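So this first bit is one chain, no partners, the form predicted alone, shown in structure tokens.
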């Protein structure tokens, strides 16, 4: 197409800009809210933002109801996401012979969606920050530190490494659940009831995780997903102890300096960088606290973060407790605590007094029944099962996926890209209904890659060392569906 935006450093750029700002000549710089890399020359930043703004405006003329998702040029891919009305996030990745066919647009867009959702949970919507302080100093400060810390998870050496074809059996933006027996489920329900009553007549919400898997939640799906994502990124034992390896789909990286920020209007402060690993530590009482920097407003004492849950429409204090492999996230409505931190201290005390034994019991039973990192491995299959409506996924362990040949993963990645396009086309025509879809492809290395969508649920699969007939592939899907998916993908 002739589009060009010469990238600095490793050829990757991430920018956030507001179409409502900088409309007067000479004020174009005002529309930039965040730009990575930070040392990119101003003229180049303006060039990239100007190009992206032009693409957004041009495509809206022909498709006013649909946002632009991606623009491919000879040297770059521009991935777009309208995070809020007129506030756009754009990821620019440089193409080369090695990676040109390895990205999937929806996977890259998922990074932008996740980053914005987490940001809004801690700092509130970007538009709210801009309305509260029109100079945008507040919004820019928080975006700078938060997104820099977020991008640190993708650092590999001096470059950013985003999801490639090797991640085609992973699904960002979903929760991974732990399957438990009826006996354990009753114990978890009892624990959840006790956690909910830590503030007396006011009900507290909670999430319970074992390892990197969700055990229970009392929050709505969107809020559950955001808090679960944060927990797996920073709070579970694997995330908290940086040297531990992780089998979660969420990458663990190293943090970088992002400089100071100003005070936030959502309850967080300058020193409160929730994604900065060095700040988080587990105390002797089992609670995880952040060693926040001192500020004039709140002093040097670590304070409980206040989060905004959009679906629940409520601000809540977040208390994090950990016992061995069990992580409990207790959420206390901010409106119910008149004395703030003193009230939180009381809630923590009540929790330890009333729930300690139940926490120990649940952790012991989950540990006894836990099959380890390969608990959900199915012999002969490499799979990804996604329920978009419930925002839940289950997949083959990453260690098993690495045994697949490169050709199998590339073919599966290309198939998923086609499925993404097909879903997008169908939703434009009939957004109220899901379309069933099935494709089985024989790869050049004699493997089968399979995609099947049935009643909104999605199954992706790679089968190697199998029979070359289509009957073999369809039979394998039937067996898997009947045994592990309650027949959701069966043809009957």
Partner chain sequence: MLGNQIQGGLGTPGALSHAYVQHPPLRCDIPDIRGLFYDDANKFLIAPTADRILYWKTTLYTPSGPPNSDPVNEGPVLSVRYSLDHKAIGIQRSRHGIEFRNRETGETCNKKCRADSETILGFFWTDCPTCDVILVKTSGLDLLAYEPQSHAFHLVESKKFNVSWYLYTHESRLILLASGMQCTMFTGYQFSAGGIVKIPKFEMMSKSEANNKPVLAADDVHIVTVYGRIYCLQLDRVSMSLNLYRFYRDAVVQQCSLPTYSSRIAVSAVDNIIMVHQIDAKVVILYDVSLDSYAPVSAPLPLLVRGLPINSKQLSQTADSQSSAYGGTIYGEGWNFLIPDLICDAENGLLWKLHLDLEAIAASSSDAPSILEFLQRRKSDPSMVKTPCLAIVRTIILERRSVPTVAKAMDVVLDSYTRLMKMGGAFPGVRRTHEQNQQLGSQPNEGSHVVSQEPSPGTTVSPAVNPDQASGAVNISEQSNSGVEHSIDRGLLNINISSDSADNTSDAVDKRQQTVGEASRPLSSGTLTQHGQHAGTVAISPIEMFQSVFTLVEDEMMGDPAYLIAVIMEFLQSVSKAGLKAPHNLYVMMATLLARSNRYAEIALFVSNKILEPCKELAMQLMELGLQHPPTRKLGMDMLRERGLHHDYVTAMLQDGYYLEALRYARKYKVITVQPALFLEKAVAKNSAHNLAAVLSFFCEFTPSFKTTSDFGRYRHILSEMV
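Positions refer to the first chain, counted from 1. These numbers were taken from a predicted model, which means no experiment stands behind them.
One more form of this protein exists, namely the form predicted in complex with the partner chain; it is left out here, but the text below deals with it.
- In the predicted bound form, residue 357 stays away from the partner chain, with no heavy atom inside 4.5 Å.
- The closest heavy atom approach of residue 182 to the partner chain in the predicted bound form falls within 4.5 Å.
- Residue contact check for residue 389: one or more of its heavy atoms lie within 4.5 Å of the partner chain in the predicted bound form.
- Contact between residue 216 and the partner chain in the predicted bound form is found at the 4.5 Å heavy atom cutoff.
- Exactly one listed residue, out of 85, 189, 339, 335, brings a non-hydrogen atom to within 4.5 Å of the partner chain in the predicted bound form: 189.
- Though the partner chain is absent from this view, in the predicted bound form it lies within 4.5 Å of a heavy atom of just one residue from 398, 221, 343, 369, which is 221.
- Partner contacts here mean any heavy atom within 4.5 Å of the partner chain in the predicted bound form, and among 189-197, 165-173, 411-419, 129-137 they occur only in 189-197.
- Although the partner chain is not shown here, in the predicted bound form the stretch 446-480 places heavy atoms of 455, 456, 457, 478 within 4.5 Å of it, in sequence order.
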